[in-house]
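In the form predicted alone, a lone chain appears below as structure tokens.
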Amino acid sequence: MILTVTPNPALDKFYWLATLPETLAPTEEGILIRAEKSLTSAGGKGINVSVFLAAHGVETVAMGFLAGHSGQIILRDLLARGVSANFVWIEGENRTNVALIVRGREYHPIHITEEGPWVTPEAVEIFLRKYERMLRRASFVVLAGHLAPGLGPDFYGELARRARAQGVKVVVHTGGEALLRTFPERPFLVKPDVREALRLGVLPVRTKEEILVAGKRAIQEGVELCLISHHLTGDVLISADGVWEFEARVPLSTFRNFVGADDALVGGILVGLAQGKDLLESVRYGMAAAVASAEVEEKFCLDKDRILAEMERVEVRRGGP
């Protein structure tokens, strides 16, 4: 079983726009922008990974903190998609995250995110008791997404420590200080979230050379595998044994929705490992899942045949130095 932790779940809302005016000049009645299409789904990085895993027949349990009416919608959506849930209920409302996707500029979505509800120390204690029980069944745990208000930067580090004590492999898919605090617990894989800042700690990751420096530093600090996005269709995998570059040979014009593609990447890697594929083939499958997901308007492509077809366009090269 693969356990996912999403401390700050969300309702994801997508709006597709024909155009976005360069200047928004308000009238007396305000500004009106009509969407061509909209979609709503349960969201948050760990939740997204669980949805992808469940669609591939991999047993998964999603954990985190749910609140209010939006939390009920998130829970119903997860259960309908075959994801088992073991959340802690708190006061307030889960956040709603909005993505505006303009036709012709799909690779530059506009994100509007909310803060999310406050998590109390009492809720954390309840969560930790549940988490310890779930670790007994897990082979991997995915710690993913932005921390909710009330959670300190050590939260993921503590979860990683408890998982490692029970022999569970840890995957960390977040950014900033919360990511760095997990390094002493020797996570199996980290996929830094660099959407807000192209940095891993204090080190920039704008170029391939900078990525190699930052990734090797992470390995020195205890990480087993570090996967960093180089550009929209490329990733670099760094380990103590070497460097591999993954490149998907697809034109940007095929992309329709990038939101969730990174989570499909992590989910695809775990699907591959759960199915007994070796590491490089698992990362290739994850890359293919990310590309296929970016090529559809839904958050994920769950068509396994299409993902396998995309694998044929993912190249792997041994990198260096």
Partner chain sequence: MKVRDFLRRDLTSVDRDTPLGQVIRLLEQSGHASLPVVDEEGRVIGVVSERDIIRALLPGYMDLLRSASFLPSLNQMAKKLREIAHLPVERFMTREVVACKPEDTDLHVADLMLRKGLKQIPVVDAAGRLVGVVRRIDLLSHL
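What you see is a predicted model; the values in this text were computed from it and never measured. Numbering follows the first chain given and starts at 1.
Although it is not shown, the form predicted together with the partner chain is what the next lines describe.
Colleague: Even though the partner chain is not shown here, does it sit in the model of the complex so that A148, L151 and V194 each have a heavy atom within 4.5 Å?
Modeller: Result no, not one residue of the spot touches the partner chain.
Colleague: Taking 4.5 angstroms as the heavy atom distance cut-off, pick the stretch from 204 to 212, 160 to 168, 125 to 133, 186 to 194 that is near the partner chain in the model of the complex.
Modeller: The contacting stretch is 125 to 133.
Colleague: Using a 4.5 Å heavy atom cut-off, which residue among Q220, T113, S139, N86 comes into contact with the partner chain in the model of the complex?
Modeller: When the partner chain is considered in the model of the complex, the option within 4.5 Å is N86.
Colleague: Out of L179, A144, I90, L227, which one falls within 4.5 Å of the partner chain in the model of the complex, going by heavy atoms?
Modeller: Exactly one residue meets the criterion: I90.
Colleague: Under a 4.5 Å heavy atom criterion, is L75 part of the interface with the partner chain in the model of the complex?
Modeller: Yes, L75 sits close enough to the partner chain in the model of the complex that at least one of its heavy atoms falls within 4.5 Å.
Colleague: Is V291 close enough to the partner chain in the model of the complex to count, meaning some heavy atom within 4.5 Å?
Modeller: Close contact is absent here: in the model of the complex, V291 is far from the partner chain, nothing within 4.5 Å, heavy atoms only.
Colleague: Hey, in the model of the complex, does G82 get a heavy atom within 4.5 angstroms of the partner chain?
Modeller: G82 belongs to the contact set for the partner chain.
Colleague: How about V283 - does it come within 4.5 Å of the partner chain in the model of the complex, if we only consider non-hydrogen atoms?
Modeller: Looking in the model of the complex, residue contacts with the partner chain do not include V283, since no heavy atom lies within 4.5 Å.
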